[in-house]
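Okay, so here's just one chain, in structure tokens, the form predicted alone.
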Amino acid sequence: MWELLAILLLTLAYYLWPKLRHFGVKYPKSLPFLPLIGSLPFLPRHGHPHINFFKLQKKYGPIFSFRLGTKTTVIVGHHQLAKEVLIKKGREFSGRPHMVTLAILSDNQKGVAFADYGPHWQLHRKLVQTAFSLFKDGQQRLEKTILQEISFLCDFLATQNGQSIDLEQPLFLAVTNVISMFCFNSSYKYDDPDLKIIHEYNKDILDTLGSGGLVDIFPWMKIFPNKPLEIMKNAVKLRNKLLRKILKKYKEKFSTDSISNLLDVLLQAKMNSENNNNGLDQDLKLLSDEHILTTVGDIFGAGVETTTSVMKWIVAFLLHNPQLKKEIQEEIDQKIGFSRTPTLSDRNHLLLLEATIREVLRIRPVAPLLIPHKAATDSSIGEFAIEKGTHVIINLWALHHNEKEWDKPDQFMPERFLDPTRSQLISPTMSYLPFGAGPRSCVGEILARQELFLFLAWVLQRFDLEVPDDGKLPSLDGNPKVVFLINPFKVKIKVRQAWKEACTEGGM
């Protein structure tokens, strides 16, 4: 009898305590929850999480919460509330929750992607931004690096004329080399064993990130066997071993007289701190080899997988929309022709191409659910109170598929980003945040946009991308990991007749 009464009282306390603690304060509407396990039984078990959360908005509104174990998570699915979190109150929500899987990947929250808000994250993000400033458009260093790799890519595709191929490997090589030049000024050949290692650990990390299951809700469960967790640990070991080898070699030739990439910037900052002659220098503690390796790993990993994935999505949508592909090629033929190759300055002229990129980033966002934020202090979102430590997730899919903001949001319509005369790019709504916003926005956005534009412009100038002879179109359902991946597919490569003739006439 007394045991039953005690259980009843504990259950009531679990339900009522959050509300009694701040009586009269308004919190986001919550899914039902049970003692210990929280809302797990009431969350959809099948389908894509971003779509499930979007559907739940119809019942709970554009901001709602649920509990996992003892932690409260808030889902935000409207652009005004999302911008409040990301921009207006960016510092208050710039934290990152500590999760077992993310802690393994980030060496206990080092680096820039998964680090909690604090001096270490601020310092490393600032140094990454400094590195990007070395590759400014005016110096054209970034563009030249991209063009060199795309040129190699196009040379390879020309050897595949008439063949149906999976673009995964050639794209991965090109994008890896761009980010590798940015990080440590080196590149890889197709048969380089290190490239195979990079591809292997990247795949394993993507496959397992977010697949740790209950261990991220109940950390104590990591004492039990967990296959995804073991795969991730092994992948991180592979990554760190490779990066340590690179760092060791790089240190041997490092010179402060030539600062040209991310590793240079990080090592220079470390050397400056050492030369302060102050043993208590905070920056020096935050620039250990482990911190440096994690930051390079973050930029390297994010810069490769996101861009490669979006490129494949764009090709897939063009295969589904051959008339659009033809119109983009006509635009390239008219505005650029065949006497030269496209450059970034052509973005102002190839409007349909740019609109297509924007539409793919809308309909298949790189990360449908942004990496979770954490409230660093008691705050609010809209009219709702948010307590310190609450996890906050922006549902980018909901922002990009809101019927009140977008006309026919489930349809692929690049023309929505063009004015009626198709002579100017427009922003049809404020509900569009493909790279996030605020302090935690994608630090490599400029690089990604440049790569996507130049890749498409060069490839479509030279090649027809067609459905394979078996008539199999790529699936557009996707596989939502931390990055929204597309399932493998093949595309038939054909050198355009107009390009062939131009090369013959011009002796190219």
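Position 1 is the first residue in the sequence shown; the rest follow in order. Just so it is clear, the model here is predicted, and its values are computed rather than measured.
Another form, the form predicted together with a small molecule, is not on view; read the next lines as being about it.
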property	result
Non-hydrogen atom contact N202 with the small molecule in the predicted complex at 4.5 angstroms	yes
4.5 angstroms heavy atom contact with the small molecule in the predicted complex for L134	no
Contact test in the predicted complex: V366 vs the small molecule, heavy atoms, 4.5 Å	yes
Proximity of F114 to the small molecule in the predicted complex, heavy atoms at 4.5 Å	yes
The small molecule: the contacting residue among A174, L266, I328, A302 in the predicted complex [heavy atom, 4.5 Å]	A302
Of D216, D298, E92, E149, the one that lies within 4.5 Å of the small molecule in the predicted complex (heavy atoms)	D298
Which of 52-60, 465-473, 478-486, 26-34 lines the interface with the small molecule in the predicted complex (heavy atom within 4.5 Å)	478-486
Candidate spot T341, L456 and A498, all three touching the small molecule in the predicted complex (heavy atom, 4.5 Å)	no
